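The chain below stands alone, shown as structure tokens; this is the form predicted on its own.
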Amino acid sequence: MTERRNIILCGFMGCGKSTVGALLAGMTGRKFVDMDSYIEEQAGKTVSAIFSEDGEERFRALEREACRALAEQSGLVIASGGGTLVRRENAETLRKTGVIVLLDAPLGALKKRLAHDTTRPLLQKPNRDAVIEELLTQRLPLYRAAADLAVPAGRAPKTVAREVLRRLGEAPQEAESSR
């Protein structure tokens, strides 16, 4: 049943997955899950700590486990991590109970949104803009391959959330309750 399927948001760091995801959850009555926060809860430490203490491969293993656990549930809006859906296995797992939506933000918007971010391990380098460009070039084709649909994400988060629902053929609950 469509109202219970999961909505999985994918896209590059800073594209708005967490912000738009929380809005979508409120508009649809689904539960919002930020995958990085979920992993932090399960691991008992931050993503940055996992990267620095255990390495990226350990983080990716925890990410795979999170995909499996979340795909067993329904009625969720999941903000995947920026690297989650570059792995085909994760996309296939999540697609079993949901639809994958790429939030496609322009490079300029991503650079601006990430300019002062200190929480993302992959960006803690002096050449941040070059890293963003290189990672986006590598990841964007993989996001597009994983996604069932893409929504432009350079606009206001509420506008993006409404466009996601429109593309999914769902009406926001707030609109339905005002009828």
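The first residue of the sequence shown is number 1, and the count goes up from there. Predicted model, so just to flag it, every value in this text is computed and none were measured.
Just so it is clear, the following notes concern the form predicted together with shikimate-3-phosphate, a form of the same protein that is not shown.
For the three residues 17, 36 and 139, a heavy atom within 4.5 Å of shikimate-3-phosphate turns up in the predicted complex in every case. Heavy atoms of residue 75 never reach within 4.5 Å of shikimate-3-phosphate in the predicted complex, leaving it off the interface. The shortest heavy atom separation between residue 122 and shikimate-3-phosphate in the predicted complex is within 4.5 Å. Contact annotation: residue 113 falls outside 4.5 Å of shikimate-3-phosphate in the predicted complex, judged by heavy atom distances.
Although the partner is absent here, residue 51 lies within 4.5 Å of shikimate-3-phosphate in the predicted complex, judged by heavy atoms. Exactly one of the stretches 54 to 62, 144 to 152, 24 to 32, 125 to 133 approaches shikimate-3-phosphate in the predicted complex with heavy atoms within 4.5 Å, and it is 54 to 62. For the stretch 72 to 106, the set of residues having any non-hydrogen atom within 4.5 angstroms of shikimate-3-phosphate in the predicted complex comprises 80, 81, 82, 83, in sequence order.
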